[in-house]
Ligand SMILES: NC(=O)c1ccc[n+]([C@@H]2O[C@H](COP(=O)([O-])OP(=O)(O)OC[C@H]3O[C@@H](n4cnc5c(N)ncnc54)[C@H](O)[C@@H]3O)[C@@H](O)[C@H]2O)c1
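First, one chain by itself: the form predicted alone, in structure tokens.
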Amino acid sequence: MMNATQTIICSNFLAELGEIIADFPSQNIYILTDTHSREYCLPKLMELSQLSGSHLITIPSGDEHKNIHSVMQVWEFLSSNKANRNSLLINLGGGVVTDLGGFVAATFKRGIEFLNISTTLLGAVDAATGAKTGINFLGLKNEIGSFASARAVLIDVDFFRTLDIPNIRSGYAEMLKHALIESPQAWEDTLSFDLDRIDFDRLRGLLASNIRIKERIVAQDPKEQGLRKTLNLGHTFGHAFESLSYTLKEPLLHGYAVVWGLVCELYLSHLKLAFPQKELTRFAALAREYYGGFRPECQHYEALLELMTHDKKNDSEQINFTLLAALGEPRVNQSATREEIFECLDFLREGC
């Protein structure tokens, strides 16, 4: 059984980080970051004297670099710089860094300790928590990975002030998903957040309650045998959209792909489980207002269907969906016909 990860919504980031890494000599600490986080976030970390002798590893920013080549680069650096099983890897960045860094830590010398410091809203609410690690492979999202628990996850909301609006909205998409599977009250609370005028103090509280939703689910089902599958709402379509976007050299932000995946899967929920039309219409309107239109070309329907058949959540020949019977009432292990999937894509083209 995996150890539970301590998630800290920081009030004094440097002091809390210093306490977590107190057992590690600085020369045995390795910091993995990407080019964006190195520029905007690393200077704050380096104010901590405990990191003065640490080693820095930088990979290029972007989901296209969450691959085996980047993993090999980090493995090589760790090996060349005498990392051992008593080393600590600090993953400083968004979801790409924490996913990839967690996978590196889980596999280097059969496992070293790691710490996630999320610098994006998406990373904080999605990749940094939940003990999943992974990389993309052969054009498929998170095809290779492992379950591994970080020593701790530190979230400093002040880092999010460096994000542009699309990246704030990308993270908010995962918060919407958590609220949909939790309860009508969580849904209303999340919808009440003003995306046009970001209140970072309010965001801190909303993020804390949102992460608790995920942590409660993960604690009950750490290896995704049942309940944890509810967290896949919106992701069967969403991951297919994301993978196709990289094939077309028109990459989508993960949260945008998830929002459009949610539109499709809420429509499928309406078709198969009588999810309320009112809430479907409400969500589609939100998607249009904050995430713009998305109209997959009919010529790409077959490619999207094929991508869904390779989704790692499938445990049979059928494509596996998580759907909603109502707000807060998820249903896992749902299936759909080819015709129903294409009808969802038609709805997305017309409704968003």
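The first residue of the sequence shown is number 1, and the count goes up from there. All values reported here derive from a predicted model rather than from experimental measurement.
Heads up, the form predicted in complex with the ligand isn't pictured, but that's what we're talking about next.
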The ligand in the predicted complex: contacting segment from 24-32, 302-310, 37-45, 281-289, heavy atom within 4.5 Å: 37-45
Which one of Asn320, Ser54, Ser61, Asn67 is close to the ligand in the predicted complex, taking close to mean a heavy atom within 4.5 Å? Ser61
The ligand in the predicted complex reached by all of Val96, Asn142 and Phe159, non-hydrogen atom within 4.5 Å: yes
Under a 4.5 Å heavy atom criterion, is Gly234 part of the interface with the ligand in the predicted complex? no
Is there a heavy atom of Leu122 lying 4.5 Å or less from a heavy atom of the ligand in the predicted complex? yes
Give a yes or no for Thr190: in the predicted complex, does one of its heavy atoms lie within 4.5 Å of a heavy atom belonging to the ligand? no
Can you work out whether Glu265 and the ligand are in contact in the predicted complex, taking contact to mean some heavy atom pair no more than 4.5 Å apart? no
